[in-house]
Ligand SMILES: Nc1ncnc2c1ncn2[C@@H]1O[C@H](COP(=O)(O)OP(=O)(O)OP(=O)(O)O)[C@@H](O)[C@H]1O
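In structure tokens, the next block holds one chain alone, the form predicted alone.
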Amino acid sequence: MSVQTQSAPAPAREGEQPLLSVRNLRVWYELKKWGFGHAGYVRAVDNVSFDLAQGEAIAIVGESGCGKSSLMKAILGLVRPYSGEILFEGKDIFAGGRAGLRWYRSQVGYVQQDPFGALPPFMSIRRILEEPLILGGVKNRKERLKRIREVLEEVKLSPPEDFLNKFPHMLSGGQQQRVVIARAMIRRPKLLVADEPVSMLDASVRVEILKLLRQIQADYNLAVIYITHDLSTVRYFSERIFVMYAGKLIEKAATDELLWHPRHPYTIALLNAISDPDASNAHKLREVPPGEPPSLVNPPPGCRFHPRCKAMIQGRCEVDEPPEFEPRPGHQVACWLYEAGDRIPPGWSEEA
């Protein structure tokens, strides 16, 4: 397996306050029976915790339905958690009421998955980029135009005059996504949340957009949360990878460490699912876990991956929920295989 990663910014100094802290976060959606009465919860995010330093990029990876989007919505302040805290610069983002939440959202940029659907078709590029500045209280028209030109240059849409009066349908998919990134950066945020930012783009454009995001991150010392289901793209972007399954973070490690030394059986399954560019291997069937992800209304007891795991420990995995173990320095994995120390999961070779 060949892995190349981009150079990472310096990690946060020990004792430095994280920019963003997520503490025991639960995002549960209440179910109603026939529109009335309580009928349980969808446990989309269940007891998730992590820290994000200023200038750091992390990737949250998992298949559809694992809870990535609900975690993102909570971090953006779009849904209130059932329990737990989200702290930005040490302050609970929901504690300050509407005014506090409005200030917090001015510090966060959001890059959507579908650029065409994210841009109003009846507004020019200038108007799309000007609106956040107007809402942010920038009253001087010349100052707004100057900022718009600057951000268009930053996302490599130049000369800006060629794009100011165009409408979204006049642009290619890659250009539309650059406008979405420009809108996310227009108010100089400290945190950027990118939700599958390249999944709707042609393969030839994906790396360009990821490199652009990486360059913007380095230029402005941005913290970035990159949401994706595709492990093949994270090596271009993130310093750490968090793997999510059925509402829980089950493995956390530095990017190189996780790609070269995966430990959770689910992470290994995700790596096995990456397309092989070697055409001579097209006839080979890759092994993937049987079955489907569990219901988040009635998740299985114990480890939530145990019904699909060939390395399941009878009498343990289906009964007790695993805590986080640290088989290698800085590498956390919620799996009972590592209770007695590090080991290589069955069926996996680190030389693969």
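Just so it is clear, the model here is predicted, and its values are computed rather than measured. Throughout, we count residues from 1 along the sequence that is shown.
Form predicted together with this ligand: not shown, discussed below.
- Task: Identify which of Gln215, Gln107, Ser124, Gln113 has a heavy atom within 4.5 Å of this ligand in the predicted complex; exactly one of them does.
- Result: Contact with this ligand in the predicted complex is made by Gln113 alone.
Q. Which residue, Pro299, Pro289, Pro327, Gly65, has a heavy atom that falls within 4.5 Å of this ligand in the predicted complex?
A. None of the other options qualify; the answer is Gly65.
- Using heavy atoms and a 4.5 Å limit, would one call Ser49 a contact residue for this ligand in the predicted complex? It does not: once this ligand is placed as it appears in the predicted complex, Ser49 has no heavy atom within 4.5 Å of it.
query: Heavy atoms within 4.5 Å of this ligand in the predicted complex: does Ile58 have any?
result: Result no; Ile58 lies far from this ligand in the predicted complex.
### Message
Using a 4.5 angstroms cut-off on non-hydrogen atoms, would Ser69 count as touching this ligand in the predicted complex?
### Response
Ser69: yes, in contact with this ligand in the predicted complex.
Margin query: With a cut-off of 4.5 Å between heavy atoms, is Ala53 one of the residues that contacts this ligand in the predicted complex?
Written below: Close contact is absent here: in the predicted complex, Ala53 is far from this ligand, nothing within 4.5 Å, heavy atoms only.
Original post:
Do all of Tyr29, Val42 and Glu196 end up near this ligand in the predicted complex, with near meaning a heavy atom within 4.5 Å?
Top reply: Looking in the predicted complex, the three residues Tyr29, Val42 and Glu196 all sit within 4.5 Å of this ligand (heavy atoms).
Of the listed stretches (69-77, 96-104, 130-138, 154-162), which one has a non-hydrogen atom within 4.5 Å of this ligand in the predicted complex?
-> Result of the contact check: 69-77.
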